[in-house]
Every structure is written in C-alpha cells, then in structure tokens.
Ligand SMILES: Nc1ncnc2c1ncn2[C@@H]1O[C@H](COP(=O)(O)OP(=O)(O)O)[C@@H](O)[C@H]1O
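Just the one chain here, the form predicted alone, laid out as structure tokens.
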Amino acid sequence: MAETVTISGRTSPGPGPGLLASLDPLLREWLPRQRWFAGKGRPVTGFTLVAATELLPLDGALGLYHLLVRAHQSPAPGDCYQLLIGVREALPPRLAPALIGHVEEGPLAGHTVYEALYDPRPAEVLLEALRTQARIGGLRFERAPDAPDIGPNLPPRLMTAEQSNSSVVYGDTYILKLLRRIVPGTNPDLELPLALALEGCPRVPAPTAWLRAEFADEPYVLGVLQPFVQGAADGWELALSELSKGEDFGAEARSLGRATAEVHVALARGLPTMTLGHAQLDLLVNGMTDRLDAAAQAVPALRPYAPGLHSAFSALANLAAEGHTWTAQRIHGDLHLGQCLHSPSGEWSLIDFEGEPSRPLAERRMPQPPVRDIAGMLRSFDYAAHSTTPAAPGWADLCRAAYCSGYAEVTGVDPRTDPVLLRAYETDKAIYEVLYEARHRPDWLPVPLSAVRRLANPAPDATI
C-alpha cells in the first residue's frame, strides 16, 4: 500500500537562494551528465533560481524540493530546467544511481541530495497533488473536468529509457511526463492532446491531469499525466524486432499511416489552418536553404551533394512562384517510430507532442504542412532498415509505400502525389540528421548520407 504523504507547500523566498548556493557545485557536475541536458559540450558557469517550492519539509527522514533553475553557459543564454531534489541524511543502496552529491554548507549542510524521481515517496507526492488538485506556492496541479478520479495505491516506477524528459508510471494505469527543459508559454505537449480529446480522437491518450506554474507573471507547463497504454510496444523496438526476424512490417506501417492521418484530420478540424502562398513558401524555403548551407559548412561529407540538395528547395520555390499553394495546420512536429505505441490489440497511439525541443516554442506551435510529419516517419523507416547488418533498404521502401497508402485511405490524398513538397521536407530532415550524427554519433553518419545521395539525385520518375 502506498504510504500517506503530506505536502508542505512553501515557496521561495525562504530557503531558495541559500539552497541554490549550497547545491551549485554539485549541480555543475551532475546536470551536464543527464540525458535531457541540452547544453552538452559547454561548461556551466552558474545558476539563477527561477523558483523553489518545498514539497516535503526537511523535518524528518526525507525532504523534497521542486526547483526551476536557469543554467548559464557561455556564449548563449542559459536554459531553464525543472529539478526534483530529494534530501536525506544518507541514501539507501537502492537509490545509489540517483545520487547528486553531499551538501557541505547552507540550509542542507550535512545531507545527501539526489534525483527524487528514483524514490517512490517523492513520486507519490506528485500523484497525490494531482489527485487532490493541489495549489502549492506557484505550482498548480490540475485535472481534466471529465477525467475519472485518480485512485490511490498506484505504485510508481521511473522509466529509465533514454529520453529528453522524465516519465513515471503509476501502477500501469497512468504515466506522468515531466518536462525537463522549460520555456514559458503554451506547450504543445498539453495543448494538442487536449484539442484532440475534444475532437474525440482515440489515437492520442487524453490528458488526465497536468502541472502548471506561474512565476514572474510567466506561465509554464511542467508535466502531463495520461493513461498508460499497458502492454504497448514502442514503434522503433517493434520495427527492429520484426526486421531481426525477417518479418514484413507492411501491415503495421499501413495501420500507422491511417493513425497519423486520423490525428492530422482531427487537428485540422479542431485548430486553425492557413494557406501557404508565395510569400510564406519563400520564408520556408529560405529556412531550409540556410540550414543546408550551415550543415555543409560544418560537415565536409555533405558538400558534394549540396547542389543537388539545393535543387529540392528551388523546385518547391518554383512551384510557389507559379501560384501553387499548400494548407498548413498544427502537426505532431517530431514524428518518428519512437513516438508511436502499438497496443496488444494492434492499434497505434501517437505520443510526445512537444515537437523538437531545440526549436523555439513559437516555431513549434506554428501551422505547418502535414507532410513534415510524414517525412519524419519515412526517415524513421530508413533508420530502422539501416540498423540491421546488412541494411535492408527494400524493407524501408515497402514500409514507405504502405504508410503512405494507409494515410491516403483516411485523407483521400497520397503524400507521394506531391513529390516536390515531400522531397523538400525529407531533404530538410536528412540534412538535420547529418548534422546531428556528425556531432553526436559519427558511426551513424552513413545512414543519413545514403538518403542525401538519393535525395540529391532522384530518378526522373521517382516519387521520393
């Protein structure tokens, strides 16, 4: 049975400034090692406290602080991170992987601090606050009006798979995603699933509850609680498993295409759309061209293909100049196999609507052509095919065809019938991948480079 927890609710001022000063040397070492830390490769030069909220008072065996901390790194402005800091006199062995360090001075002197999400009791505090719709300092724990009550006795466990945020599963009933890199404003990871729930779209788990904050008159979305899809397989792992067995993935890809289309249709129905004409396409093409030029400057292996890749963008600009227009709408923004769950019943769900965290929030919330999501998924099939030895490009081709056919079954429009737009977006994605792999995973660089060769010199009758 879950232990009863009491929430304190004091917010800085109080221990905040002194607390951060005492944690500073420990966080400088610990924070850059976290998977979700965005500033790798640049030393942290200091911290600014945005907010500190005491969730459990340090008057017993355990204390808990919720912090929003800005990490400063030269030359760029620092990012703001959400931290859950547990405090104990000493860590039991089961919490050794969560260790941040031992505090030498300040209000926590003599104590050990650690990543609290590894510990069931602090994780229970968060669920209890959501269940009771607590207000704790500047933190607001809210629940969807039509959501069922969140029951007790849901043991938490931290998901340890590498990801850009942190997730806690409660009793195989709910999953709480806590955003780590925090920016003020309306976050699409809550905004879009709420809109899809209103449209009755079953392909995205409807938010049950969420955590917001308002500090210095700026709103933040900090976390979202959604139903946990029990027994579901991650799309990436499922694809690799089928590949390893030599199994066809066509039926799954077709079903995933239908699911993607259902989400796009619901988003277009529930949120504003817009028409992209010549002026808007010029801006879009210029952005793609600038990203290509910057990537070619940074990755010499890309340079021989730059002229052919430029032609993908100039072909789109030429169509716009001739008067062609396209519809833009809200989309997923970072769609790939790892953002999809395949349930035991065979249904697909789409998750993680945050978009690419490295892009500004305003850009992530802009309407865009749905083909951007489609291009991301096509690139994901290609990555899966190249994860085997030898590579299986024919497998990726079958998946591409099945996925696009499934998409057309719902929308009536096959993405391959607009090859210029599809090539431009797939080219833009492959260029991003080349830059990413060159910087972070050089062994994977041949994967996007093989796509670059194809996209720079498409066959005359190719449908990309």
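Note that residue numbering follows the sequence shown and begins at 1. Since the model is a prediction, treat every value here as computed from it, not as a measurement.
Although it is not shown, the form predicted in complex with the ligand is what the next lines describe.
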* Asked: Among Ile351, Ala268, Ile85, Ala123, which has at least one heavy atom within 4.5 Å of the ligand in the predicted complex?
  -> Ile351
* To do: Check each of Gly250, Gly185, Pro227, Pro107 and return the one that places a heavy atom within 4.5 angstroms of the ligand in the predicted complex.
  => Pro227
* **Partner proximity in the predicted complex: Asn165 to the ligand, non-hydrogen atom cutoff 4.5 Å** => yes
* Consider Thr112 of the chain shown here, and say whether it contacts the ligand in the predicted complex, taking contact as heavy atoms within 4.5 Å. => no
* Answer for Leu243 alone: is it within 4.5 Å of the ligand in the predicted complex, judged on heavy atom distances? => no
* Asked: Hey, in the predicted complex, is Ala392 touching the ligand, heavy atoms inside 4.5 Å?
  -> no
* To do: Name the stretch, out of 332-340, 136-144, 85-93, 269-277, where some heavy atom lies within 4.5 Å of the ligand in the predicted complex.
  => 332-340
* the ligand in the predicted complex - contacting residues of 201-223, heavy atom within 4.5 Å -> Pro205
